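Quick setup: one chain, the form predicted on its own, written in structure tokens, and binding and motion questions come after.
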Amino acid sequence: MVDSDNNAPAAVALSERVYWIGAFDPDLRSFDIILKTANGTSYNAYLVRGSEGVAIIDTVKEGFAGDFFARLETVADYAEIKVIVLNHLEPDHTGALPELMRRAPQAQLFISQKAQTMLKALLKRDKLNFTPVLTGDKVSLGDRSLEFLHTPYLHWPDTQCTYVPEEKTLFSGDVFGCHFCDTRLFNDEAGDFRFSFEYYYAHIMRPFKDYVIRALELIEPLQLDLIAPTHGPILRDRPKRYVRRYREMSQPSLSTDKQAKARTLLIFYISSYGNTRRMAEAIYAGVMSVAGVRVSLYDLEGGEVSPFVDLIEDADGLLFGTPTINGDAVKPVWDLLSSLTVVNLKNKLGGVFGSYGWSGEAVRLVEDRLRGLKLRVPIQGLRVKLIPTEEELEQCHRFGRELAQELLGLREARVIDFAELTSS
């Protein structure tokens, strides 16, 4: 990684025509706020040399541009650069782009269709010369070529991959990457990064499993000798293992446990004097009265958040029961809800209930949060003042029964708007 003669950063050959020209950041300890990075990361950028020109694929974070340009200059002149490809426009991959465009003004920039508005916002220029590409588009470098694969949301909407068939090499952007800084660079030489690989998937890719599966449909047929991600070790030893692992992690973990054709509904509650608990139990019984729904009841006071997140990812419906304390829902409910950004909740069924003493804001606040997380909330939340009466417990039973019917498509759909909510 360093030229032993002058101690300057040097490019690393991945083949006779492909080089790593990225940078190491061993001191990084958190990324995008939500990820911890125990030993830093790398910003991987690459150079591909063809008989008719050079392509640069991705750059590095702005503060590491010096290493990037120093490595680039060990294997190419700026006048040779014909193509710049950005597989993902996040600043850790585009920080050196403005200066690269200044040094190689003749180079044509290729980005995904979805990256166009982001590029303008990033560079703050109205007049930009770039070419948007989709799956199947190609660029020739003479005896090497670049083929683009549209792989949105892995992990931004603009994400794409670039394949060089003559090298059997996939430049995968953030896909198959991880935050693991190791100057040995290759997966068969670096330390054990399995935890980092799966941790990265869990926080970056997991909310977009449907998109991961669509991307794998494009990637799995490729002949692969090497996968070159934008973070972490370069995968040259059995790279298809990592493709298969992505496939495994993107499958519903509970699919084989579900009863045939049953829909799953989880009820989470917490109760200070047992009133919200009595409501939860009555709702649970109401759901149980409808065949075809597999319902489970959980007291948040007795569980850890992490296993619940795994359950929620595979569930079809979620109910939350919370008392109102000081005009708000209680902390364990908010803790669970704030942990759900790593899973896809879109169009899951949602519902809220709870006992209250004075004002009862908690149910409305949690309902609003569920909508913000893109759940459907088809039935107005159920609130009971203090101790539920027998009549109110029967109302809870009906609430559970109607939600079960909604989950099975047996009830006419109705979504409550916010005005109706606030008037209750």
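This structure is a prediction, so every number in the text was calculated from the model and none was measured. Residue indices: 1-based, along the sequence shown.
Just so it is clear, the following notes concern the form predicted together with a small molecule, a form of the same protein that is not shown.
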| query | finding |
| --- | --- |
| 4.5 Å heavy atom contact, residue 64 and the small molecule in the predicted bound form | no |
| Contact of residue 399 with the small molecule in the predicted bound form (heavy atom, 4.5 Å) | no |
| Contact label in the predicted bound form: residue 131 to the small molecule, heavy atom within 4.5 Å | no |
| Contact flag, residue 378 vs the small molecule in the predicted bound form, heavy atom cut 4.5 Å | no |
| One stretch from 273 to 281, 211 to 219, 162 to 170, 69 to 77 that, in the predicted bound form, holds residues within 4.5 Å of the small molecule by heavy atom | 273 to 281 |
| Answer option from 325, 249, 123, 190, heavy atom within 4.5 Å of the small molecule in the predicted bound form | 325 |
